[in-house]
Ligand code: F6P
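Heads up, the chain below is alone and in the form predicted on its own; it's given as structure tokens.
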């Protein structure tokens, strides 16, 4: 599907029709669609936000915005009554939440509002979702069947994959997600790089990788939000995002289960790669829901180049 679709025709294909045409299994279609609809409710909550902190810290000791807690509650409540989800794990929860009757097929992971600290400066933020057909623990390659993220920016967009390519949808004025880009494909080599962490905290091997990118003339683009930066790489068809191991924090910053696995799935479905510098992200076992990992994600060339520099260390 996809070849020969005109610009006019693709804007007539909504999310549900696209998943049906792509042969996505019915229950998974309904679950993805329900999560996409939930994104509308989260978007509405963002627009009425007063940017205030909630006065709490999450399980990782980070300040929570009221938006974080609201987005998590909205998402959990919607999934609880879906009939398809057995367990829900969220970056805002301290344990896996059993929300089904025990016989449901899917296990959902969520970063309900990635980049929420950017709200006060009115930058794009997002929601990241992973959908598994087995326990979330272990390695993601054997269980993850779909992933998506929703970007709340000038446009509200959703990028999803159910193992049949990576596709972008735009929320139109009628409240429907309509096809914008089908089968997004990354070029083997891009020109954008997004760098997390402070330069003074980088390891020598990572610094050498960055210096290589700089010498090659790559363009620096970094928003401070994982969703908008990954979205930029996908829509611009290439480049690399990295939040590396740091001298005092060898596990980096980003969470394997909630952030890295879903984005790695989407990136691989678009022809890209994701690694911690040695192992592919989807092959790393999850031992704890809060587990963190370094990340190099994007076009195949840049990710393999990073691996080559890190293997020298």
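Model, not experiment: these values are computed from the prediction. Positions refer to the first chain, counted from 1.
Below: the form predicted in complex with this ligand, not depicted.
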property: Distance check, residue 45 to this ligand in the model of the complex, heavy atom within 4.5 Å; result: no
property: Interface membership of residue 224, this ligand in the model of the complex, 4.5 Å heavy atom rule; result: yes
property: Contact test in the model of the complex: residue 238 vs this ligand, heavy atoms, 4.5 Å; result: no
property: Residue 169 within 4.5 Å of this ligand in the model of the complex, heavy atoms; result: no
property: Contact segment among 216-224, 138-146, 169-177, 82-90, judged by heavy atoms lying within 4.5 Å of this ligand in the model of the complex; result: 216-224
property: In the model of the complex, the residue from 254, 32, 284, 67 that sits within 4.5 Å of this ligand by heavy atoms; result: 254
property: Residue (of 153, 165, 196, 134) lying close to this ligand in the model of the complex, criterion heavy atoms within 4.5 Å; result: 196
property: Residues in 112-139 with any heavy atom within 4.5 Å of this ligand in the model of the complex; result: 114, 115
